[in-house]
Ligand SMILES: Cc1cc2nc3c(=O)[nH]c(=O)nc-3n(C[C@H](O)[C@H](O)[C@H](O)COP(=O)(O)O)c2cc1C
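Here you get one chain, nothing else, as structure tokens; it is the form predicted alone.
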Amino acid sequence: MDISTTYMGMKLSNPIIVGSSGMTSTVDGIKHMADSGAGAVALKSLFEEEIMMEISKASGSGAVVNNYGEAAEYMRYYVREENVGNYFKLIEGAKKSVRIPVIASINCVSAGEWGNYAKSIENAGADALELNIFIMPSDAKLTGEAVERRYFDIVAGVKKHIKIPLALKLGYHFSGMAYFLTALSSSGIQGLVLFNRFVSPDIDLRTLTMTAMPVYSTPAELALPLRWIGMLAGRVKCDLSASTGVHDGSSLAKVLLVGASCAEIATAIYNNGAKQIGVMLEDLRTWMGAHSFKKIDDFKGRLSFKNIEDPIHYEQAQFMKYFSDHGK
């Protein structure tokens, strides 16, 4: 039974990508994921914000960086090369150790900071680049259109430097989601990863302090990528990958049915160990066999919005019809 898939032009032996996480931050960790059956890995993200904070710390203050051109440029170069240089070594080491695709990952918020490094990431051997972008729409003076324009600017700034496939891993905080993601798919990218999870605030009532919600996903969160991948499959000009809520073989089969090419997983491995990759793939094979599917293309996208007879299931958001059909 053939469970291989194609994502952004890359041939994957199976549709499971280990998502950007601590599990993909070292060569040993990456090798462990590959040996456990992963179809590809997304490296732990390199953070633009983290590097900028280190630049400010090294300079003593943001004012120094802003006001003294030559010294500031040297400091920026030194700090970035220390961090980014280690990232290049991770890519090179991973490519020497595994035969599966290695996807570099950058968590970025601006258009200008990462374009110059994208080519070096490509030269280090990365098979693809995933930009993890979230621009917090917290500025009351910034319109939604202005926020969304930054996403296009970031893509344009990176695309001009690289030839390897480019994917965007995004959240779902957009007003015209279908329009925005369809437009992004025409910007020269090869993949959309839906959706990212973000650290959310919480309150410790005992200490009266701000803290964070749990960072791991739950199976219930599958509903969001399931709906939007199903809505967009066959309509966007790039591949789609599911992220968040894919915890077992059943959820993997579901995202493929609505049109995903693959799925990024992390929590499922944190909860169950790397052996969960093999368990999920075996469950996928069993399900495919029960339906006489020989390969993923036999059923990929079969239940997308574009292909089902009654697509109202994707657009209906209220409970009225559900309760009228199922009783109180």
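Start at 1 and count along the sequence shown; that's the residue number. Small disclaimer: the values here were computed from a predicted structure and weren't measured.
One more form of this protein exists, namely the form predicted in complex with the ligand; it is left out here, but the text below deals with it.
The putative spot formed by 19, 195 and 215 is fully lined by the ligand in the model of the complex; each residue has a non-hydrogen atom within 4.5 angstroms of it. Residue heavy atoms within 4.5 Å of the ligand in the model of the complex occur in exactly one stretch of 236-244, 134-142, 121-129, 175-183, and that stretch is 236-244. The ligand is not drawn, but in the model of the complex it has no heavy atom within 4.5 Å of residue 296. The closest heavy atom approach of residue 45 to the ligand in the model of the complex falls within 4.5 Å. Among heavy atoms of residue 267, some come within 4.5 Å of the ligand in the model of the complex.
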